[in-house]
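Coming up is one lone chain in structure tokens, specifically the form predicted on its own.
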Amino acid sequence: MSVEETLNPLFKKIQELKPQFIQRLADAVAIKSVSGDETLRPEVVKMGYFLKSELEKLGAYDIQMKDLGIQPPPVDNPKLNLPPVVLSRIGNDPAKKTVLIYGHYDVQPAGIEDGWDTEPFELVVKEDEDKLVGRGSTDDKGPVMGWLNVLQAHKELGLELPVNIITCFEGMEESGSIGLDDLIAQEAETYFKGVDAVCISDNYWLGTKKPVLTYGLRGCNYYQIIINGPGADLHSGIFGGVIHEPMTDLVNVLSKLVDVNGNILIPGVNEMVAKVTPEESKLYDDIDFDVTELNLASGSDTAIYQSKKEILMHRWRFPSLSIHGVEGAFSGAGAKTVIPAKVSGKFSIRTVPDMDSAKLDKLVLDFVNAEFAKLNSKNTIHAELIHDGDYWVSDPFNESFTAASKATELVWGVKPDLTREGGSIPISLTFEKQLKTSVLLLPMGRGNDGAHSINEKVNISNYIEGTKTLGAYLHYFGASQK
């Protein structure tokens, strides 16, 4: 029987189970597993055990809830436990290939006050708009539930899985995957021994119309600048104009990092970037994308560049610096005339080949300190790296990518574009290096899903057809025996 003949009943079963699959995602979204909020750490742990329960029902065994220990500073609670990593196995046939499936079950913060149209932790089914709206629906609970959906469809059909599966689901991806690198290194020759490929579904189509496979990611170095001034918040009517204000200092320093057109102003950063070759440049010519797709994804007409190649190269191929926020300053409604005593600003740099992370850190921190010194302020500054993750590039024509391409074409009726991505999944490189195997990024969601934003969604069609694609990938990859 051909792979396609095997997949026909599987696809029918997935379609039949659609209501159950949507309910599974609703149950997952309802758990407020925000890893960046210490008060919600019990919810993150709860989500890990939700996955354990689901995996048990679906026939997984040797399920291990790996303890990663205490979360290191900066934290408010010095005894804060990291959430567990959920490891499990499905199948142990030495004649079959083994695929490690990675996903994360933590999410970004969200509240109705942020501008959501609906409660972010209640999945809203909008059949008429082909949408499932809720925090984590696309990043990354939707894809993780997609893998569980694949297992359920096989189990209910009595259809044998074509590969052995190992799961690795973590609860700290949105906060730097603390502890996961060490765990992967520890388990490389034990739990993860014999893995033939790693599949990650934690990225998105480039646009909204055509599926993609992703073979490269930018890295991310995340920094914090802390300015300390007076011993307490002060009244600007009494102290304004007579003391050095931390917020003024911070704004001055942040303004020196990047210009309005996205050019990084820190000397030495751009000089590290590998030159674009003519051959590489040609890879962008046939990709299906235009500025309209960017505007739809951003919800605005604010693009710096107007040509496809310039947009994509600045999204994937060149570094960028983004300023993310300020802590410690007044941010509520009304007009509070306070001078904050201490403020911190956070920013990140997306890295690309051939940027060296340690060299970048030195350039950034030295520059920040030098710019602050120019202010001649009597306040104090502390600049630091919070976390980093390297860029990653793979071979888009290897066996795993070829299987994913066949699966995508079968489900969606079109060959996927081969893309890189501006976002960062540092664990891709860790898996590749530690397990000495290939890593595939097989996205479920579309480019306008709004991950990390308000009204995050996954299209119902992408959730269901994406589940089919994940299942088909396993069958194509497992079609040839080891």
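We number the residues from 1 along the sequence you see. The structure displayed is predicted, hence computed values, not measured ones.
This protein has a second form, the form predicted in complex with a further copy of the same chain, left out of what is shown; the following refers to that one.
J.: What stretch, of 118-126, 403-411, 361-369, 243-251, brings heavy atoms to within 4.5 Å of a further copy of the same chain in the predicted complex?
T.: Checking each option against the 4.5 Å cut-off leaves 243-251.
J.: In the predicted complex, does each of Lys32, Gln64 and Leu100 have a heavy atom within 4.5 Å of a further copy of the same chain?
T.: No.
J.: Using a 4.5 Å heavy atom cut-off, which residue among Ala383, Ile266, Met272, Val326 comes into contact with a further copy of the same chain in the predicted complex?
T.: Checking each option against a further copy of the same chain in the predicted complex, the one that comes within 4.5 Å is Val326.
J.: From the list Ala297, Ala188, Ile226, Leu161, which entry has a heavy atom within 4.5 Å of a further copy of the same chain in the predicted complex?
T.: After the contact test, the surviving option is Ala297.
J.: Considering only heavy atoms, tell me if Leu157 and a further copy of the same chain come within 4.5 Å of each other in the predicted complex.
T.: Looking in the predicted complex, residue contacts with a further copy of the same chain do not include Leu157, since no heavy atom lies within 4.5 Å.
J.: Check whether Phe239 has any heavy atom within 4.5 Å of a heavy atom of a further copy of the same chain in the predicted complex, and answer yes or no.
T.: Close contact exists here: in the predicted complex, Phe239 approaches a further copy of the same chain to within 4.5 Å, heavy atoms only.
J.: Decide whether Ser377 counts as a contact residue for a further copy of the same chain in the predicted complex under a heavy atom distance cut-off of 4.5 Å.
T.: Result yes; Ser377 sits at the interface with a further copy of the same chain in the predicted complex.
J.: Is Phe330 close enough to touch a further copy of the same chain in the predicted complex, meaning at least one heavy atom pair within 4.5 Å?
T.: Heavy-atom contact with a further copy of the same chain at 4.5 Å: present for Phe330.
J.: Along 304-318, which positions have a non-hydrogen atom within 4.5 Å of a further copy of the same chain in the predicted complex?
T.: Those in contact are Ile304, Tyr305, Gln306, Ile311, His314, Arg315.
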